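The form predicted on its own is given below as one chain in structure tokens.
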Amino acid sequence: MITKLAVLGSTGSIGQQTLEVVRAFPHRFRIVGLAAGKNLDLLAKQVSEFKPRFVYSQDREAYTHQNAECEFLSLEELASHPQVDTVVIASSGKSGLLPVIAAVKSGKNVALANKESLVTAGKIITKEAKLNKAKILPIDSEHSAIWQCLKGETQKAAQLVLTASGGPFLRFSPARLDKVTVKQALRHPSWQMGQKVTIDSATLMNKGLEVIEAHWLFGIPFNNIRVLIHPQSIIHSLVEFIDGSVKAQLSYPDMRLPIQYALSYPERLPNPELPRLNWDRLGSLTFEPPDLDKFPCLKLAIEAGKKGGTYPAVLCAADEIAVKLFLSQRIKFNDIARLVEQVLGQHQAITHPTLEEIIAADAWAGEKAYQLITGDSPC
């Protein structure tokens, strides 16, 4: 059978790697929808190659003027279209939230790489997925690893251990962190990712968001989820069971592997393009606890997840603005955590928010973060 795919965020890092997997298995996957932001040139090349029936871009007028052969749909329409079997949510930030909800309400398989959707509205999304028998197939390497370790088990895990490379600044002192440049922060030691995720990995915010995701994906209490620094990025997560046994998933750090597993599940497909581990040269695998004083974003994220309500939405929105301000060199690297903490401290939380209240909290937090630095509202 051919699986019909819609890829939202097709011009980003995860989107492009998804299309690499599709190229390797043209007899198994067919692209019926592509969605991108402002990279119209790359989107046009993708449309020419994969010939999807449906398309979306942020600039509808500019795109449809050049590419009239595709039917233009909104992100939500694309994610819920009857001709789509699996929706790949590869976009970053809040743009993925409404398409994820549309997809699970339509009973789709959702190959999910967008952290913010589950972090901000995990309760709503998992409830709708259960009601509509939709499957959430995690693409993040850490969650894919846990998913693979849990396969075949009949009991819940006793503990989940998410590994983190530690980013480029693992051995930096607090004084050196204060002088980090944008160029340094974008040089991740293990993974090739987009700018936002790369900066979040450098601050360990990314790992905190993954803890919240794991809570919703696997129904595990926060106190049973921990993070370990593993600089080699070979073990992507570990699962401990009630008898003390531990499973781990190991592979070369390449996002195409968890992407392919999500798309082909429950099968595994042979792909000669994916690198294999060389056990003769692997060397030692090391682990250490994260330094929460040096990387406070991880602590902030876990605390926001435990508080729940609208706190995770505020966390994500404040971080998004903080990262933008850092990338534009308007704040320092250490200011990212300080700004997020300030916004969280001023938030009046809603304990059981509706989707509308989550979206409103996101908007408030983004404006507040920007105002605290610039005195103005974002454009």
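In this text, residue numbers run from 1 along the sequence as written. Because the structure is a prediction, the values reported are computed rather than measured.
Although it is not shown, the form predicted together with a further copy of the same chain is what the next lines describe.
- The stretch among 122 to 130, 247 to 255, 204 to 212, 179 to 187 whose residues place heavy atoms within 4.5 Å of a further copy of the same chain in the predicted bound form is 247 to 255.
- Site annotation in the predicted bound form: the residue of S92, N109, S80, Q148 reaching within 4.5 Å of a further copy of the same chain with a heavy atom is Q148.
- Note on the partner interface in the predicted bound form: the residue among L274, L98, I220, L73 having a heavy atom within 4.5 angstroms of a further copy of the same chain is L274.
- Although the partner is absent here, P174 sits far enough away that none of its heavy atoms falls within 4.5 Å of a further copy of the same chain in the predicted bound form.
- The shortest heavy atom separation between F295 and a further copy of the same chain in the predicted bound form exceeds 4.5 Å.
- In the predicted bound form, at least one heavy atom of V161 sits within 4.5 Å of a further copy of the same chain.
- Among heavy atoms of A102, none comes within 4.5 Å of a further copy of the same chain in the predicted bound form.
- Contacts between stretch 204 to 226 and a further copy of the same chain, counted in the predicted bound form as any heavy atom lying within 4.5 Å, involve R226 alone.
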